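Next up: a single chain in structure tokens, the form predicted alone.
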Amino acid sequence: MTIMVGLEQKLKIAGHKLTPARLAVVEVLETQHDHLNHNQILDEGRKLYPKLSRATVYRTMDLLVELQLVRPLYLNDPTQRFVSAAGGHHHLVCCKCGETVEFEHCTADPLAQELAEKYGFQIFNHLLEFQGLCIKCH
């Protein structure tokens, strides 16, 4: 899993205020290893800063996406979750029960290099998702 690190410093470099509420959101993202949605970020953030508002969570996540520090991820449900924008991110997703398995091994790097050369792209990261049936569902 690509862990989110240095978000506080990156926000500061980009010229954004580091309010206690924003710092709570950043700490949640940097310490939780799950793919959190807005509500989960809010719940965990309120443990750190009880005055954290839903609006602040949404605005902070929008800002982090705009700065390309995190990206939205939709697994097998309509809930928007967030992952680091750095590197690759890989999942197996069961179409029946929704089980999601994150895996590290990725052989897409040579393909990314080939595509970059062929089409003149500078590739920074990728998402790779395989959909099918888990062992319990097939």
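All values derive from a computational prediction rather than experimental measurement. Under this definition, the rigid core comprises the largest set of C-alpha atoms superposing within 1.5 Å between the forms. Numbers for residues come from their place in the sequence shown, where the first is 1.
The form predicted together with a further copy of the same chain exists for this protein as well; it is not shown, and the discussion that follows is about that form.
Exactly one listed residue, out of Leu63, Ala86, Leu48, Ala108, brings a non-hydrogen atom to within 4.5 Å of a further copy of the same chain in the predicted bound form: Ala108. Taking non-hydrogen atoms only, Arg59 never approaches a further copy of the same chain to within 4.5 angstroms in the predicted bound form.
Residue contact with a further copy of the same chain in the predicted bound form: Ile13 places no heavy atom within 4.5 Å of it. In the predicted bound form, a further copy of the same chain stays beyond 4.5 Å of every heavy atom belonging to Ala55. By the criterion of a heavy atom within 4.5 Å, Glu102 is counted among the residues contacting a further copy of the same chain in the predicted bound form. Taking a 4.5 Å heavy atom cutoff to a further copy of the same chain in the predicted bound form, the contacting residues in 100 to 125 are Val101, Glu102, Phe103, His105, Cys106, Thr107, Ala108, Leu111, Ala112, Glu114, Leu115, Tyr119, Gly120, Phe121, Gln122, Ile123, Phe124, Asn125. Once the cores line up, the CA of Ala116 ends up 2 angstroms or more apart between the shown form and the other one.
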